[in-house]
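Okay, so here's just one chain, in C-alpha cells, the form predicted alone.
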Amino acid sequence: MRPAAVRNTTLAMAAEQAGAPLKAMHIELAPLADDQVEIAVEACGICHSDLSMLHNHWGASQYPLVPGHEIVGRITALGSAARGLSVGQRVGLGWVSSSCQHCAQCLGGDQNLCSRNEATIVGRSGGFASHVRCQAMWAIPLPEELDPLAAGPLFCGGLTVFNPLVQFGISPLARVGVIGIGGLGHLAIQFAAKWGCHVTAFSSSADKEAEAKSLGAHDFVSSTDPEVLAALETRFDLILSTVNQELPWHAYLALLAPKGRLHVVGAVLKPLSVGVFDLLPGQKSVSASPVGGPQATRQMLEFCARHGISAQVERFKLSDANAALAHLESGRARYRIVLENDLAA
C-alpha cells in the first residue's frame, strides 16, 4: 500500500470544556515526527479513564479534549526514523503514545513507567478521531486471529490485568482472586484461568456467578458476606482488585496466604486504609500498576490469540459517542464498549 499524504488535521469527536458533550470538529495535528506513525482509526474502545478525563477528575485535562486510548487501525504514514512497521499494517495503541527511550525504565523494558511518557489523551488528540499518531514502538501489530473491531479494549483494560501476571511471575499453580466482574474483571478472570491458576471471582452481584464461571472462574464468592470472606482466610497468592471503589481492605488482606499480594488496578480515588499488622505477620504486600510496556503488550496479544481470549463488547458508531459514553456511565455496559469509526477523514 502506498503512503497517504501526511495530513495536518484529524476529524474528531471532542469536548470543548469539562463535562460538555462531544461534537465533531477538526483538530490540528503537529507535524509527523521522525519516530512517529500515523494511524487511520478503524475502531476505538471506551474506558472509564475517558470519562475521568472528560470531566477533569484527575486535574490533567486540556480542552478541546479528544478521548480514546484503545485504538485499532491501519498505518497510513511513517516518520523517517520509524522502523519495523509498514504502511497498511494493522496496529493497536493504548494509554501510552511515547516514552523517552533513554531513561533506566525505558532501557530496562519498563517504558510504561517512564517519567517522561506521553499519554494518548493527555495534552493531545486521542482515538475518537479519523486519525491518531504515536511513537512507532507504541504501535503494536495486531495478530490476525484477533477481531479488529473488538480488540481495542485489550490495549488498556486487557493489558492492565495481564501485566501483573508477568511482572510478579505468578505461578500457574497460584490461587488468584479477582474482585469485580466488569470491564477489567471479566478479562482478568480469562487471563488468570488460561494462565493455569485457580480463579475465584468476587462480586456483589449474585446474578453474575454463571457468567463468571463461563469466563473461567472456578469459584464464585459474594463479596458482601463477611462470613463467607472470613472462611477463605490465607487462601490466595494474588488478589486483583479491578473496581474503582473503597473496599474492606483489612478483610481482603486476611484472605492472602503468606507472601501474598493484593494488587489494585481499579482507579480508587480514596486512600487505602491498611494497617502494618495487616501485612507484617504474613509478609504480605499491597501494590498497584499502570498498563504495560510494548513487549508486555505483544505478549498479551499473542496470549489472547493463542487462547481465544477477547473482551465482551457492545458496539456503537463513533459519531454516536455521546450515547455510548452515557451507556458506560450508567453502569449498563457489558462489559466494554467499542466505537466503530464512521467519520470521514
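Don't overthink the numbering: it's just position in the shown sequence, from 1. All figures in this text were calculated on a predicted structure; none of them were measured in a lab.
As for the form predicted in complex with a further copy of the same chain, it is not shown, yet the points below apply to it.
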Task: Answer range among 252-260, 203-211, 144-152, 188-196 for contact with a further copy of the same chain, defined in the predicted complex as heavy atoms within 4.5 Å - done: 252-260
Open item on the list: Quick check on H48: any heavy atom within 4.5 Å of a further copy of the same chain in the predicted complex?
Closed with: no
Open item on the list: So, S171 and a further copy of the same chain: in the predicted complex, are they within 4.5 Å at any heavy atom pair?
Closed with: no
Task: Contact of E118 with a further copy of the same chain in the predicted complex (heavy atom, 4.5 Å) - done: no
- [ ] Answer for P226 alone: is it within 4.5 Å of a further copy of the same chain in the predicted complex, judged on heavy atom distances?
- [x] no
- [ ] Scan A231, L272, A81, L107 and let me know which has any heavy atom within 4.5 Å of a further copy of the same chain in the predicted complex.
- [x] L272
TODO: Scan L113, V87, C100, V221 and let me know which has any heavy atom within 4.5 Å of a further copy of the same chain in the predicted complex.
DONE: L113
Open item on the list: Taking a heavy atom within 4.5 Å as contact, would all three of S310, L325 and R332 count as contacting a further copy of the same chain in the predicted complex?
Closed with: no
- [ ] Sequence order please: the residues of 273-293 with a heavy atom within 4.5 Å of a further copy of the same chain in the predicted complex.
- [x] S273, V274, G275, V276, F277, L279, L280, P281, G282, Q283, K284, S285, V286, S287, A288, S289, P290
